[in-house]
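Quick heads-up: it's one chain on its own, the form predicted alone, in structure tokens.
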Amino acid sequence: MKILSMSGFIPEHISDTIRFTQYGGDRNISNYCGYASDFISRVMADDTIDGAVYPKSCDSTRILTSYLSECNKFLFQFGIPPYNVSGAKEHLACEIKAYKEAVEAHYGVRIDDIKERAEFINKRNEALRKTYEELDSLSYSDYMEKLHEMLEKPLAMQEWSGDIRKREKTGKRVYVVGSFLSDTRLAKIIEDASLTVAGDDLPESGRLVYSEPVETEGDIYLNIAGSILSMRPSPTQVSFKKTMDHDFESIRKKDVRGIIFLTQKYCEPYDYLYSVFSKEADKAGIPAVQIKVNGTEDTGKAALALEAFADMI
């Protein structure tokens, strides 16, 4: 099976998936969230993909099944509960169990290695955390490229060596905010502007490495759900203030001089978050720049914007 997954809400503990990053073919939808549109396009057009799993976490993802229903492939959508509400963990645990049963029924397989997969993920994330904590002395583009390469492999092959190219620090320390960094060329553009990434809150990086490990004793579905819900909050699920408070705590600790805010075009939660985020940055005396891209392969005018931003800090 070759299932394309979207979002850090999808549990890797159940079965192997391919983490969606980019799509370079024709787009099926215009005037729509570029990331969601590209995900739909790849599922529908790529014959090597036989299934898709994705969350119900924002307006764009809620209607994914409507677009994909005619593709005759395995489809599963997670109903993601809001963080920190009564019954959230139990709800997500039921969704995870239903996902396991759906994979088993569709592909005719038996899944009996969830605890072993959880232990592997715990070790992988701990290795990632050690690298992340040294991020300001490493090449951010090398780190992101190797991270994406790893996430597209079967779980058993996701060994993280931490062998990332060293890079000389600059005084222009920045913090990267946003959704999944689908186009890793943006990381290279940030470095080429002589900026040093001291930290980020991206789903495949800062949010992943600080998720709580999964306990393998007790109800494994509840334990996986608890780990997923321990990640730094997404603006699609909680109040913008909660997301912002988590980020500014890291920004203060890391002595950040500037904030790079990455958004996909037509992604309303992140657009709204930026409007309040930039006001908080102004109060803190930290310049912020928004880089908005159309699709998963669009870097657009990012180089010019980031060069100008680097000159400010």
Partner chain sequence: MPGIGIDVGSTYTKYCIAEDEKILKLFAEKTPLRQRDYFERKLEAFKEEYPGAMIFSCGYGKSNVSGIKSVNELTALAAGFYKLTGESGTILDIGGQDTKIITEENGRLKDFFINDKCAAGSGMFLTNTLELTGVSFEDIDLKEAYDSELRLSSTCAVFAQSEIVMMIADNRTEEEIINAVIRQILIKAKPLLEKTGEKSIYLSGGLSLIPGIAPFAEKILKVKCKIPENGIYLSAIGCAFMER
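Since the model is a prediction, treat every value here as computed from it, not as a measurement. Numbering follows the first chain given and starts at 1.
Only in words, not in the display: the form predicted together with its partner chain, which the text now covers.
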item	value
Candidate site K265, K301 and L304: all three near its partner chain in the predicted bound form by heavy atom within 4.5 Å	yes
Exercise: R19 in contact with its partner chain in the predicted bound form, heavy atom 4.5 Å	no
Touches its partner chain in the predicted bound form: I10 (any heavy atom, 4.5 Å)	no
Contacts with its partner chain in the predicted bound form, stretch 278-294 (heavy atom within 4.5 Å)	V289, K292, N294
